[in-house]
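Starting off, we have a lone chain in the form predicted alone, written out as structure tokens.
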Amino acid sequence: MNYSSGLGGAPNANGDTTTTRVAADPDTHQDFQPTSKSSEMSFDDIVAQDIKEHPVVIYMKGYPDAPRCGFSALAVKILKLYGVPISARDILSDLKLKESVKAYSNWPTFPQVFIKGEFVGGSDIILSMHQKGELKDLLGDIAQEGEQNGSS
């Protein structure tokens, strides 16, 4: 699984990490001073890239292994039933990320699940699709790809 909390200190969509520049410590050699490596991607760009590059993306409160809301936990539990790789971002870590996701999907609540580049909905819609067998059809080829990649 791929987890990220936005930009601060976690790998961004380019695989780079961001750090914060602090005042120079006169007792520390220049080679060991913290550096600043800022991301040039906006949150809107990060959201668009996440959805383009990952077959299943969930923007949620917390992380799949540690959800911080029952609705997020339910959506993750349902997705895990299908054995698909889940890319996740914690929207509680940065208000700008949360607002960018809401603007991208034009949907006000979380979690938000995107499958194959399309916004599907939240936990209620995922649950309904699961109960009707629609989610199995939508995720079937993703689960098969995961099995093939895992057995090679």
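The numbering used is simple: start at 1 and walk along the sequence shown. Just so it is clear, the structure is predicted and the values come from calculations on it, not from any experiment.
In what follows, reference is made to the form predicted together with a small molecule, a form of this protein that is not presented.
- The small molecule in the model of the complex is approached by Phe71, whose closest heavy atom lies within 4.5 angstroms of it.
- When contacts are judged by a 4.5 Å heavy atom cut-off, Asp124 counts as touching the small molecule in the model of the complex.
- Contact annotation for Lys98: at least one heavy atom lies within 4.5 Å of the small molecule in the model of the complex.
- The small molecule is not shown here, and in the model of the complex it never comes within 4.5 Å of any heavy atom of His54.
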